[in-house]
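Next up: just one chain, as structure tokens, the form predicted on its own.
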Amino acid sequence: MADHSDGTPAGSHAVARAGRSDVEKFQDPGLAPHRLRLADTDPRAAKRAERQVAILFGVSVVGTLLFFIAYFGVRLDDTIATLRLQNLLLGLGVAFAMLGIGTGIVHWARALMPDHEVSEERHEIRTERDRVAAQRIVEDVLEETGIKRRPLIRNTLIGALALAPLPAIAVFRDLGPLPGNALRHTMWKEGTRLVRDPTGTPIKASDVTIGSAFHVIPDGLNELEHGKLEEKAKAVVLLMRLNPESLNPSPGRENWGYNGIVAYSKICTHVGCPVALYEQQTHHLLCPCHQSTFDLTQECKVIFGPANRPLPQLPIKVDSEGYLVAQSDFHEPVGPSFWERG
């Protein structure tokens, strides 16, 4: 008989081959011994863990309340410090609201819910008993969580879950003005002077040279006491001057500019970011958020990016003193186009 003790697969029996009866089968190791936790043996530890879970759910409630205090209680003004304070409090509120619920549930599961492993045999599903079996499973889960026997945890969890979605509802509701008249009408009207942002200095046609760009707001905006930020978000425009021969106005818009000076809404029609980059060689306006690009020579037609609508144009003219003024308001809604417009 050949000696295969040289370590080859055929002789060392390191490889099992089909048909061999001496291949040992893997044995079922079974479940590891269950180790009781302190809360399983000490009622005081269980009560302490229950209070800790309730405190975490209470932290979630406090976080939600902090969000609403910051959202409705911090009055915004023109200073960046106030805006930063509100953003800080909003972030902390949402963080505590979410983390309180999450860590509370995790601590509840690890300290109080049953943690023993269960091994069950697969069984045939009988459709006529599905409802009864499902009901029994739900009842077993409720019993194992102890939610019926621990009213403190149950009540604080219900309170935290009831309040947690409210910040999201408030944020989504206040993302911006609803479509319709709110975005169709701005502070611009016939005779309103174009003034520099933020100084409020009126602009003469002679101040605007070819290749220059001005960030412009309507005269009187800085004097508003209420709604200044909202009105500015809708009315701010970019003012530029090109060679009149480079412009290609559509029929009816030939007189919307003055000697190559044109004004367009600064709010991108994608999601409302400020269009602030002007490339004077190509006459392109670029939105820095998602790179939507508008061609100034073609009435700010979209030539690249996710925006699907040109920037609205503000008709302008020159008054008797040589200052640039609006002929009217925008002829279409300003801002993003992600909703239906009437």
Partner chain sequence: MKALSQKRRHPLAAVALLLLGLILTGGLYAAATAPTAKADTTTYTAADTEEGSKLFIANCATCHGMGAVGSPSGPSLVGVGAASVDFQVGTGRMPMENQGPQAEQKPAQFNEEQTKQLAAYVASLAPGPAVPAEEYTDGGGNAAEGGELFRVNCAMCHNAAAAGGALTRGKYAPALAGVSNEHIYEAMVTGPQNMPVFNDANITPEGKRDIITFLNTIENNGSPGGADLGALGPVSEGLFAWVAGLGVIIAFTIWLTSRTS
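Think of the rigid core as the biggest set of C-alphas that the two forms share within 1.5 Å after superposition. Positions refer to the first chain, counted from 1. From a predicted model like this one, the values you see are computed outputs, not experimental measurements.
FYI, the form predicted together with the partner chain isn't displayed, but the following is about it.
Annotation: in the predicted complex, residues W256, S328 and H331 none come within 4.5 Å of the partner chain through any heavy atom.
Of the candidate stretches 155 to 163, 142 to 150, 244 to 252, 84 to 92, only 84 to 92 has residues whose heavy atoms lie within 4.5 Å of the partner chain in the predicted complex.
The partner chain in the predicted complex is approached by E279, whose closest heavy atom lies within 4.5 angstroms of it.
Heavy atoms of T293 reach within 4.5 Å of the partner chain in the predicted complex, making it an interface residue. Of the heavy atoms in Q135, none are within 4.5 Å of the partner chain in the predicted complex. A residue is said to contact a partner when one of its heavy atoms sits within 4.5 Å of a partner heavy atom; K317 fails this definition for the partner chain in the predicted complex, lying far away. Once the cores line up, the CA of D115 ends up 2 angstroms or more apart between this form and the one not shown.
Once the cores line up, the CA of V53 ends up 2 angstroms or more apart between this form and the one not shown.
The Cα position of Q281 differs by less than 2 Å between this form and the one not shown after fitting on the rigid core.
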